[in-house]
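In the form predicted on its own, a lone chain appears below as structure tokens.
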């Protein structure tokens, strides 16, 4: 039985071509909307290539703004450029939330430079000294990224950063270790000594949150890499971008896209629809509470039911307010209620927007008057429809 199920799943058609392209660990060849930041990193590290002078930079920003992928892509390009110039410059990316002790960070550096070295039984100072000696003996240089360094410093204090920035002082040679620090903000620098603070403060590269159009561009790039041609509707991309733009979080956007694809696969669909995106959002952050629906006024429930039905039936990500109002009048007739006038309908719709049950956006060119686009982002339209119908039946 189990073998048959497994075989059936292997044979089932999928919307994905390569789902790994949506993984947080995947580094695309082109970083969408991070060209300027990449250029600044190149300017900062130009002396490493030209004169082998060590550099330090701090990349800051909230979750999902591309700090890690920017550093990893830069590291790959830096290594390739150095190789083309016959320079031995190596890039190592360390996640300080995983390697959370000074010993584990230094052991990773030590093993990266020469995997054959035994490191057990060596103390942190010996690990660093041996790594520095190796770099000097091989005329090599290391660009080290310390990801989530703020977490590490809070946990362990500033000693490791101090040691790395002064690693060459005892040998008297050039400092062969450059550092890319990644943190949410620069406040953790206050824990460092004044000299180390100043070296990072001169090169702070803040990354802003992504906007909805920027997220849509990122998603389109990954759709092209991860999905079969035509497997994701454009409105699905736009809806996911709108959802994730509240936080400016590309990581969330990519997770929603992946989940929407797996939901479509589970249903045997060959296209990822907006409803799949809404289902994905409900799985990731289930924010619509039944008690919120229960506390709505009668006509607020009717307006919400109208919006949910319109979106479910149309299978679209958005509906125009004029179409929702027409559906509202049909719903009122179904439940034996006199529909409110246009102004009161608008008041109810805006309250639903304030509660996060619907999302109102400008309609854009091509639409007359004050019409807006309406979407439901927090839960599947079908689920909203079903829950509101239950409440209305109980109200009878």
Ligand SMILES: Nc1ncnc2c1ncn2[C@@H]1O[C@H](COP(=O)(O)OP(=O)(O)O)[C@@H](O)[C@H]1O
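Numbering follows the first chain given and starts at 1. None of these values were measured; they are calculated from a predicted model.
The form predicted together with this ligand exists for this protein as well; it is not shown, and the discussion that follows is about that form.
- Interface membership of residue 30, defined by any non-hydrogen atom within 4.5 Å of this ligand in the predicted complex, is confirmed.
- At the 4.5 Å threshold, heavy atoms of residue 56 stay clear of this ligand in the predicted complex, well away from it.
- Using a 4.5 angstroms limit between non-hydrogen atoms, residue 357 is distant from this ligand in the predicted complex.
- Proximity of residue 299 to this ligand in the predicted complex falls outside the 4.5 Å heavy atom cutoff.
- The putative spot formed by 15, 269 and 274 is not touched by this ligand in the predicted complex; no residue has a non-hydrogen atom within 4.5 angstroms of it.
- Here the chain stands alone, but in the predicted complex its contact with this ligand, taken as any heavy atom within 4.5 Å, falls in 63 to 71 among 63 to 71, 346 to 354, 325 to 333, 38 to 46.
- 218 is the sole member of 146, 241, 218, 153 with a non-hydrogen atom lying within 4.5 angstroms of this ligand in the predicted complex.
- With the partner omitted from this view, the residue of 91, 200, 318, 210 that lies near this ligand in the predicted complex is 210 [heavy atom within 4.5 Å].
- Contacts of stretch 234 to 251 with this ligand in the predicted complex, defined by any heavy atom lying within 4.5 Å, are made by 250, 251, listed in sequence order.
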